[in-house]
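First comes one chain, alone, set out as structure tokens in the form predicted on its own.
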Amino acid sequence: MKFTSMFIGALTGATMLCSPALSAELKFVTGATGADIEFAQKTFAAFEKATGNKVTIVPMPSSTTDQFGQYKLWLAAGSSDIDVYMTDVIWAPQLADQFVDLTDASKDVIKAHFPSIVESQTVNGKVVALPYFTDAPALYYRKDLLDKYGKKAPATWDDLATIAKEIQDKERAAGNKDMQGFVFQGNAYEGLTCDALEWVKSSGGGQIVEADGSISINNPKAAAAIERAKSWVGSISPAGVLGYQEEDSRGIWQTGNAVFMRNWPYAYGLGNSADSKVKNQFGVVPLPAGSASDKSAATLGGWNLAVSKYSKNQKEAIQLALFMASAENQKANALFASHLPTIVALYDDADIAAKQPIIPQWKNVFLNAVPRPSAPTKVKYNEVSSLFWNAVHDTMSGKGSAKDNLEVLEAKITKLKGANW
């Protein structure tokens, strides 16, 4: 069976969510990452056939920071230009007032999703976005290279650095001058908050701001974790990593020029595509910990579907969100782009397990994922995150020590918090 036929078959049930209606033109906004645009086009073709409504994609840069800034501009202006927004898991508390309450519309399907994800998209008792796919990153490693040099996947960050350096140097000596030991997301944007939170949390340094609202980032373990990451730059990671986002890392990895990569699940399917230099040559394991006594930490990610309260076609926009969030479409998305479903039952789906074997493996990683401090910091999260990623980026760029930069960061976050969050 060709995949096109499989996709159409998987969507058959999803079309039942929608009923034919007068033609409406809907605008859907999303960040263009990996195969997301291609999958969205397939989804919308099926939706248009089922409903008669047309959907146009409004593409955004892959940087979530840039996306969030543009979203706020549209919504603050009360713009009807966008009907359905694809939203990051951390944005619900900040944008809730601008989105349609989907509680009643989703009442028959919402219980199928992971409760923690539904909770993250529920503000003041209202479901403001439907879960679409979830995310938790892992460590990608070259099985062929580790086997070649008799190494096992690393359990700690120090192990990673040691193995990465040895294999990188030996591969370069053998002729591959472009080989890198480890690639990750080091640019000054939300992605660095995710990476650095993992370094800090997995080293016992806390979560920047704790669940009770207390500011915890200024501590020796957090400083040591960031200094350790700084030591990678120019050693096992290229100097240019300080400008990398997800696709930059994947580009190096997929051309066969990295031993290890930190990235999200979407990179798995692309890494095994026909034109990939690493097809069938890599595996994934949980991200390393700071030490044998520490626990791995993977930042909780994921994307959701929100309907603008300024949309002139709210009924049709809600239909589209339900269509995209359905079990049938999530299954198709998992098969096509290796995205993690938010519907619990799909982790036991035989078709998904056969085509995307990492997805069942990822269930425990996801269940133990670490949230960014968006809940305790509420509408101030974006500013907290910006302050954090800039402090980390400054440190890794050689602009001050982690100790000094975290002291300044604590003072800035304390001022931002004021009397309370």
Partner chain sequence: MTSQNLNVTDARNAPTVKVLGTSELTQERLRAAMWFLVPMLLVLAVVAGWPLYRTIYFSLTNASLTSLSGATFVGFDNYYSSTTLKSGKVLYDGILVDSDWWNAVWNTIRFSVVSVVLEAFFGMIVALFLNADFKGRGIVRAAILVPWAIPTIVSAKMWSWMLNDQFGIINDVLKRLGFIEKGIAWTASDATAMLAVLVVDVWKTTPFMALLILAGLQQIPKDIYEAADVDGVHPVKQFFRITLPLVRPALMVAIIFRMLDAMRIFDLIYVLTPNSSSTKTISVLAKENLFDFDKFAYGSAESTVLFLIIAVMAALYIWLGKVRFDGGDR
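None of the values given here were measured: they were computed from a predicted structure. If you superpose the two forms and keep the largest set of C-alpha atoms that fall within 1.5 Å, you have the rigid core. Residue numbers count along the first chain shown, from 1.
There is another form of this protein, the form predicted together with the partner chain, and it is not shown here; the text below is about that form.
Using a 4.5 Å cut on heavy atoms, which of Phe44, Phe366, Phe28, Phe68 is close to the partner chain in the predicted complex?
-> Exactly one residue meets the criterion: Phe68.
Check each of Ala211, Leu73, Ala350, Ala292 and return the one that places a heavy atom within 4.5 angstroms of the partner chain in the predicted complex.
-> Contact residue from the list: Leu73.
Non-hydrogen atom within 4.5 Å of the partner chain in the predicted complex for each of Asp88, Ala92 and Ala153 = No.
Can you check 219-227, 137-145, 300-308, 244-252 and let me know which stretch has heavy atoms within 4.5 Å of the partner chain in the predicted complex?
-> Checking each option against the 4.5 Å cut-off leaves 244-252.
Give a yes/no on whether Gly240 approaches the partner chain to within 4.5 Å in the predicted complex, heavy atoms considered.
-> Yes, contact at 4.5 Å.
Do Ala188 and the partner chain share at least one heavy atom pair within 4.5 Å in the predicted complex?
-> Close contact exists here: in the predicted complex, Ala188 approaches the partner chain to within 4.5 Å, heavy atoms only.
Proximity of Gln98 to the partner chain in the predicted complex, heavy atoms at 4.5 Å = Answer yes; at least one heavy atom of Gln98 falls within 4.5 Å of the partner chain in the predicted complex.
So, in the predicted complex, is Glu38 in contact with the partner chain at a 4.5 angstroms heavy atom limit?
-> Contact check for Glu38: no, nothing within 4.5 Å of the partner chain in the predicted complex.
Does any residue in 370-384 get within 4.5 Å of the partner chain in the predicted complex, counting heavy atoms only, and if so which ones?
-> The stretch 370-384, when checked against the partner chain in the predicted complex, contributes Val379, Asn382, Glu383 at the 4.5 Å heavy-atom cut-off.
After fitting the core, Tyr141 CA displacement of 2 Å or more between the shown form and the other one = No; that C-alpha moves by less than 2 Å between the shown form and the other one.
Using the core for the fit, does the CA position of Leu75 change by 2 Å or more between the shown form and the other one?
-> It does shift by 2 Å or more.
Just checking, between the shown form and the other one and with the core aligned, does Trp157 shift 2 Å or more at the CA?
-> After core superposition, the C-alpha of Trp157 moves less than 2 Å between the shown form and the other one.
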